[in-house]
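A single chain comes next, written as structure tokens; it is the form predicted alone.
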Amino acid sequence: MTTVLAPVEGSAVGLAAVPDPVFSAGLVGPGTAIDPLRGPGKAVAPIDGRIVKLHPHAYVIVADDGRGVLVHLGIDTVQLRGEGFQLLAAEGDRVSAGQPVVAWDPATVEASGRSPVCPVVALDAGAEEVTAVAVGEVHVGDELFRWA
């Protein structure tokens, strides 16, 4: 079992509430989203592993057992071309759960007309493998979901 931790602080919401049909339909994979607090903060690693993909607005960490978790900081934030995001780690880095990966400001994302909601997705997992744990308010490092 893999325990996936909240990478940002805010309110846990189901993926169905994400304003993007690819995430809301679960096409990327199962998981949970977080409506983040508005204000500068750091997005952290939700699991121990290696950063295999790192963009200013999104990152994937793969654990030693091969399970990958995607953290996407806001919706359509790729269009910001990195503006408002600061990388705190590098692709290929080994990270521990809770280690900062990206600094960002959800209020800036929202001010650009985009949703700051953050999908956290278990890649290559079946819906039956993921159990949401968090309800309502979550803090960085709180248990978000379990991956059987």
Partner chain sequence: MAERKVTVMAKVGLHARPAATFVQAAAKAPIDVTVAKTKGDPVNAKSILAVMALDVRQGEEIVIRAEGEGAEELVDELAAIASAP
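Numbering follows the first chain given and starts at 1. Values in this document were obtained by computation on a predicted structure and should not be read as measured data.
One more form of this protein exists, namely the form predicted in complex with the partner chain; it is left out here, but the text below deals with it.
Using a 4.5 angstroms limit between non-hydrogen atoms, residue 82 is distant from the partner chain in the model of the complex. Residue contact with the partner chain in the model of the complex: residue 20 places a heavy atom within 4.5 Å of it.
The partner chain is not shown here, and in the model of the complex it never comes within 4.5 Å of any heavy atom of residue 128.
Of the heavy atoms in residue 53, some are within 4.5 Å of the partner chain in the model of the complex. By the 4.5 Å heavy atom rule, the three marked residues 134, 136 and 140 all fail to count as contacting the partner chain in the model of the complex. Proximity to the partner chain in the model of the complex, defined as a heavy atom within 4.5 Å, singles out one entry of 39, 113, 66, 92, which is 66. This chain appears without its partner; in the model of the complex, the one residue of 88, 107, 70, 97 with a heavy atom within 4.5 Å of the partner chain is 70.
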